[in-house]
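Take a look at this single chain in structure tokens; it is the form predicted alone.
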């Protein structure tokens, strides 16, 4: 007779196993740290401030890790530092580097000596997800999922009324197009009382409602009937239904419309109604970035926490970002209170830019044209979404054959 016996690990063995599964990162800037934190979420991750030299010193006394990510930015002779690292690094540890050298010959030299991956800075969550995570964790599902086929979907969700979600959606769409030279769709799913068309000084038709209620009636001609050209690269798709109209928006309709838009546009920026109707769930599921936008008010903090949980429950936590709008506005909660309530610093911040934002709304023109500083504060958000500094992400994807 055979007896199956379970092996019970001691606390010391368990601790050792956890240590060996660590991914330790040494980086010198908070943007890289944030990108690694989100892109490698779910792993046993340790992020420290430092460079490859700090990593080498750590490995002299601590080699219980699975992978190492180290920063070589600003180093005149990174290969000498790599030799020092190799002298103390166990051969089974995966090593990836980030740095400021963008030459293809440099990348090839690193790959020839057995490096797992090299990413040029600035890095974003998406770059880590697409290029580093599969190499370290063998988890290519995120890069191959449906949300990566077709246009890149970005959802904006306001945690409170009047927080500026629609204004951010409009100006973000315009700056995405301006920065990437790509085609951008701005989809407003507030079919009753939506403000996007008003802010842009245009009047939508009934095409969006028809498509969302009955996807069988929506084809490629839907875009020609429903889309309003904002400029040569940006189109608005929105509705203006009576407040007493009984809408029957279907999940199939939402999925079909979003699919049509993703076939024709590189980016789809969606102004999402809150709370999320069940029919809207496909938007969240297909989004690569969900920006939960709040102001420094008690209701905003409370609702932002609930919204983040809702996004996580619908689609996972790797794509939700907190955007603090109108930061520093008179009468708002202090920064320390916001950080304590959120449990972390906001991922993105747009400061209070004054009355020009309101004036732009009243004039029916994009605030980008009239508000000094808005473009500068949107730039980090655009960079996070696109990975574009000087088209670095696209260039490296071509080099890597991805």
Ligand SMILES: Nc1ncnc2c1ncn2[C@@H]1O[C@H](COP(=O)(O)OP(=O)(O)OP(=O)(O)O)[C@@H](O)[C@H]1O
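Predicted model, so just to flag it, every value in this text is computed and none were measured. Positions refer to the first chain, counted from 1.
Beyond the structure shown, there is the form predicted in complex with this ligand, which is absent from this document and is the topic of what follows.
- Figure note: of the listed segments 275-283, 302-310, 243-251, 323-331, the one touching this ligand in the predicted complex, with heavy atoms no more than 4.5 Å away, is 323-331.
- For the chain shown alone, residue 131 is not a contact residue for this ligand in the predicted complex, no non-hydrogen atom being within 4.5 angstroms.
- In the predicted complex, residue 201 stays away from this ligand, with no heavy atom inside 4.5 Å.
- Under a 4.5 angstroms non-hydrogen atom cutoff, this ligand in the predicted complex has residue 352 among its neighbouring residues.
- Among residues of the shown chain, residue 316 is not one whose heavy atoms approach this ligand to within 4.5 Å in the predicted complex.
- The candidate site formed by 163, 358 and 361 is fully in contact with this ligand in the predicted complex, as each residue has a non-hydrogen atom within 4.5 angstroms of it.
- Residue in contact with this ligand in the predicted complex (any heavy atom within 4.5 Å), chosen from 297, 195, 178, 81: 195.
- Screening 287, 121, 167, 238 for any heavy atom within 4.5 Å of this ligand in the predicted complex leaves a single hit, 167.
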